[in-house]
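In structure tokens, the next block holds one chain alone, the form predicted alone.
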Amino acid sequence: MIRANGVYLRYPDGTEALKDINLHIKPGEIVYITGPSGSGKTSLLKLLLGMEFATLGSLEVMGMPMVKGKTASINKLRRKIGPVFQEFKLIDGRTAFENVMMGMRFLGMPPRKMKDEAKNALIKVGLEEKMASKVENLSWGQQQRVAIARAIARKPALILADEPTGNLDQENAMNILKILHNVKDINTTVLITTHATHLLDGIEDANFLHVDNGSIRVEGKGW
């Protein structure tokens, strides 16, 4: 699924965001990437999406080398990825259902199937009674669920969730993590970044990476 060998990422201003990253993540795994703000977690996700490219080293996602000059191939790969970023990028004035549908519009899926998948995704995240609600009228936690529904409705092979529990109380944060864990039922690889390590106590069916100052300091299953 994901292979990184000796990956470095250096931004134009000289900031070294990632240093000597080596990863092998298999299909169907759930991986938590922990570390303080600014440690390099989001930079790693940007590499996996092809929003940034490694300065040194090699990176493959689903067998695709993530290198500059392969724009068409990387755009095609992104159709198999469901991103959930801190900025939800939901469209005000549209319903939860419409926002999920709009996230599927470039997949080439028949309209009837798109509607079914959007509905099923919203049910899966517990928003069956909010499908017709305008997103600006939803709570922060509900908007986060819409963003997750938009990602999983695509039936992605890979979900990248960047700090999905940010700005949520503990109960809602745990609910979000449970939703993301349930995605493994469709054999999707899930990467979740978080600095809220207190939420991860007792989680056993996942792997953990700890990023500090751009380097992976801890790697393994469980704490």
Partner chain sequence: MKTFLYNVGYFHRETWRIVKSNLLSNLFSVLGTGLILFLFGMVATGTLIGNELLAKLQQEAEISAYFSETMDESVALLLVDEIKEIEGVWNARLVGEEESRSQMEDLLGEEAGILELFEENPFAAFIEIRIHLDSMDTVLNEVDNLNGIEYVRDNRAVLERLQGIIGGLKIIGTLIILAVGITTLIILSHMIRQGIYNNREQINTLRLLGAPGSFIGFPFVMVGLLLTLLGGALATILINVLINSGYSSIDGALTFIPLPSQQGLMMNISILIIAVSLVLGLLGSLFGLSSIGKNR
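Residue numbers count along the first chain shown, from 1. Model, not experiment: these values are computed from the prediction.
The form predicted in complex with its partner chain exists for this protein as well; it is not shown, and the discussion that follows is about that form.
- Against its partner chain in the predicted complex, the set 71, 105 and 114 is in full contact: each member has a heavy atom within 4.5 Å.
- Although the partner is absent from this view, residue 35 stays clear of its partner chain in the predicted complex, with no non-hydrogen atom inside 4.5 angstroms.
- Using a 4.5 angstroms limit between non-hydrogen atoms, residue 75 touches its partner chain in the predicted complex.
- Among residues of the shown chain, residue 150 is one whose heavy atoms approach its partner chain to within 4.5 Å in the predicted complex.
- Under a 4.5 angstroms non-hydrogen atom cutoff, its partner chain in the predicted complex lacks residue 41 among its neighbouring residues.
- For the options 168, 49, 179, 62, the one in contact with its partner chain in the predicted complex, meaning a heavy atom within 4.5 Å, is 49.
- For its partner chain in the predicted complex, the listed stretch (51-59, 27-35, 171-179, 193-201) containing residues with heavy atoms inside 4.5 Å is 51-59.
- Applying a 4.5 Å heavy atom cutoff to its partner chain in the predicted complex picks out 68, 71, 74, 75, 78, 79, 83, 85, 89, 91, 94 from 64-95, in order along the sequence.
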